[in-house]
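Encoded as structure tokens, the following chain is the form predicted on its own, with no partner shown.
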């Protein structure tokens, strides 16, 4: 199977960009050396669904160095960096399936291609691989899988997939929740907003929809830069926490008319829809930081519009008879579509959790139960120690 990428001529540029990241990810560096020495994945076929960007690229290098017979890498929607995809596609024993402008249909087509041959290990993001395996029922099963996100866990439950193999849910790790989600996502989303819009954050009224670990981090960072922050969450406990953290809370229909910026961070679909158009303030900015852009019903909102115009890279003006709204990066995850994703040190921790969990599946699957389960506690403890040491 040949790689499907934007531009193979960008491989050298992608390779050059990797140096900055390799030097700043000591946890991944250490585990990559371990994979190489032990040939952890020797003879194994590994399927990965992940954002194709340099931090992920360094982690993928470890799978290849660890003896993987082949790696199939499927990108996530709206977050692929073309130079990283070209660099990885230039390596041996890997097929890269991801372009910058891929549609959901493209993504599903890539998944069907991967499912056409047996795979030993899924390293998943948004449950794309796990659900494709469930839906297509190809007649084989992996040894096990990782699932990176809360969105993926919710989708597995919603589709009643019930994998017969162990699935380690990285997002259930307190390390990921407290550090990657609350700290890393908050910083990177604000970074993506500022890079895309060049606007002052201070003085803006920002509505954050969803107040889990990611949403709380996003709201905190916007508030820290001077925004008036409003929060909506369907969970009354989360609403209470948001109130006690100093944010304005209320029902969605009450908060939308005051918002200058609306950002979804829920892990679910169709949170902001065409039904909310009458409530939008003129020139409101819509954006998303959940795994899938489907948190905002982009297609339906655009269908209801009078005109659509791209006014700047990453910004569309959607006009209606009485108002206009602005959509950032077609609702793709703002921190990657508009910037470089979570901070390098944070992703060193997150990808370290991925690596050690993958190691546990390959070397000790018998110690795990079928179905979804949290990261084993000893892995959390090990990564905590490594991360603390890396900061000293």
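Positions refer to the first chain, counted from 1. Model, not experiment: these values are computed from the prediction.
In what follows, reference is made to the form predicted in complex with a small molecule, a form of this protein that is not presented.
Undergrad: Kindly indicate whether 181, 235 and 336 are, all three, within 4.5 angstroms of the small molecule in the predicted bound form, using heavy atoms.
TA: Yes, the whole trio is in contact, each within 4.5 Å by some heavy atom.
Undergrad: Ok, 173, 80, 146, 289: which has a heavy atom sitting within 4.5 Å of the small molecule in the predicted bound form?
TA: Contact check passes for 289.
Undergrad: Of the options 294, 72, 280, 213, which one has a non-hydrogen atom that comes within 4.5 Å of the small molecule in the predicted bound form?
TA: Of the candidates 294, 72, 280, 213, 213 is the one lying within 4.5 Å of the small molecule in the predicted bound form.
Undergrad: Using heavy atoms and a 4.5 Å limit, would one call residue 268 a contact residue for the small molecule in the predicted bound form?
TA: Residue 268 belongs to the contact set for the small molecule.
Undergrad: So, in the predicted bound form, is residue 151 in contact with the small molecule at a 4.5 angstroms heavy atom limit?
TA: Yes, residue 151 lies within 4.5 Å of the small molecule in the predicted bound form.
Undergrad: Find out whether any non-hydrogen atom of residue 121 is located within 4.5 angstroms of the small molecule in the predicted bound form, and reply yes or no.
TA: No, residue 121 is distant from the partner.
Undergrad: Given that the small molecule is not shown alongside this chain, does residue 96 nevertheless sit within 4.5 Å of it in the predicted bound form, heavy atom to heavy atom?
TA: Answer no; every heavy atom of residue 96 is more than 4.5 Å from the small molecule in the predicted bound form.
Undergrad: Just to confirm the contact call: exactly one of 132 to 140, 106 to 114, 205 to 213, 220 to 228 touches the small molecule in the predicted bound form at a 4.5 Å heavy atom cutoff, so which is it?
TA: Careful reading of the contacts points to 205 to 213.
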